[in-house]
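Take a look at this single chain in structure tokens; it is the form predicted alone.
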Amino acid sequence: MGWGDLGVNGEPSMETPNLDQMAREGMLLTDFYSASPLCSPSRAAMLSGRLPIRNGFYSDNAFGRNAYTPQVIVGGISPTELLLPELLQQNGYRNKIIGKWHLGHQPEYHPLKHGFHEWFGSPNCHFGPMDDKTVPNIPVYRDTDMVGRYYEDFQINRRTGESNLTQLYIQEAVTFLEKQANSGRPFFLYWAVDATHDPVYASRKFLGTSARGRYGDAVRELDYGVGEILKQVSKLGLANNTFVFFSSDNGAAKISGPRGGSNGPFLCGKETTFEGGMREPAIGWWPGKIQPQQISHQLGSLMDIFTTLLDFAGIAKPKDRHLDGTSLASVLVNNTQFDRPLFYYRGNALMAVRYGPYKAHLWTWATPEHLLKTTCGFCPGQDVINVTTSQQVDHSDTPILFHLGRDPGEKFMIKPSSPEYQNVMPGLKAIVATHKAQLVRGKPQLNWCDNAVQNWAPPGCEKLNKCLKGPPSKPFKCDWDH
């Protein structure tokens, strides 16, 4: 989803009444970011509280390339990473993930090996249908065992876009909440639905109801799901003791053109380190704790969820590793604000830094030139000369500077000869130098691919007679072209 997909952020179709109400009842964070412009590293960063360059969710096969966890990936979240659900589990919480995991699909990387007690969803995106000969259909899991596959047991109609998956995910959530309310045990629910990811889907009730087409239909159903979850929290008497946070893993995929989402006034989209790729919709909700109708311009990150939840739960932060997330507890409860830098990575490359209202691009790269020949690119209709470059361009000596307060679309560069540039840039360069000097990179987990590790025979397949025979192992270096 994009920043601009919420009605409260200006989407004129007003397809998100429940999310808009959630914002009115809590806090809207306008300057909130992912840690990557792509799904897998963003999710790894959120659950670890650490940049992908630290937790290993990147590739160094080539400079500055986004990498994720398709079926052929060999790696996944490192066992040395300490994830949020692991810490919560150690402190008595019951944890469930619903939807897409995307931190590795081999069994050792699955959610129940990393702090979750329950899982209903998939380790990968819902791409397909596959032929089950060269590429298997993606499995859907109930805890440790698969219970079927997309396009076989869990249908997604590619022609009409109809699927009841979001409805299944909603029911899983409300049932889990009821069970936890009855048990009296603290809980953590990670509701990671993916209907707005291509190929976009919605259930019959929502298909054809949006002015924006199928993508808007999916947004409307997702919003409905948020409403059902919040209603259940209130109905069960949990609202005053439950913190709820809504966001997205990266910006809307502008490569989908009019069939995709909205990043509002921001430049480009998913895959890029421009604002449209990494600035996310964000809402915090906690009746009685977070005052209603609050707006915060505090710089925030998905990595802050890690530290914020530990603060709210009264759990000490791990001291044996560097955390990039900062607790937003005081921001959410008291609407305070503090200075902090944010770093924009594309793979192993630090592309930009933000501090206060200023953003400095050390590198620029929009859509790779070869992709422009076959798609509308990552920045359709938004060419900015010398900024949305089709090749990697190094600006490290003289970074490109924008003031995001008066120029959120990154269209008007501050001239290097100006007093403003000369006053601001030394401080930004010092922040970058300190960051690089202190950075300890994790071992890259997304370098190697192998057709043999695809979802041929996931755990539980034998019970369903759905095991497939894969090819012999033949590892190769993954080729990331974006």
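Numbering starts at 1 and follows the sequence shown. What you see is a predicted model, and the numbers here were worked out from it, not measured in a lab.
The form predicted together with a further copy of the same chain is left out here; the points below concern that form.
In plain terms, the part of the chain that comes close to a further copy of the same chain in the predicted complex, with a heavy atom within 4.5 Å, is 400-408 out of 128-136, 325-333, 400-408, 71-79.
265 is the sole member of 265, 199, 341, 148 with a non-hydrogen atom within 4.5 Å of a further copy of the same chain in the predicted complex.
Interface residue among 189, 384, 156, 238 relative to a further copy of the same chain in the predicted complex, by the heavy atom within 4.5 Å criterion: 384.
Among residues of the shown chain, residue 212 is one whose heavy atoms approach a further copy of the same chain to within 4.5 Å in the predicted complex.
Although the partner is absent here, residue 279 lies within 4.5 Å of a further copy of the same chain in the predicted complex, judged by heavy atoms. Remark: residue 353 does not count among the residues lining a further copy of the same chain in the predicted complex, judged by a heavy atom distance of 4.5 Å or less.
At a distance threshold of 4.5 angstroms between non-hydrogen atoms, residue 317 is out of contact with a further copy of the same chain in the predicted complex. No residue in the set 57, 83 and 432 has a non-hydrogen atom no more than 4.5 Å from a further copy of the same chain in the predicted complex. Of the residues in 1-19, those that come within 4.5 Å of a further copy of the same chain in the predicted complex through at least one heavy atom are, in sequence order, 3, 7, 8, 9, 10, 11, 12, 13, 14.
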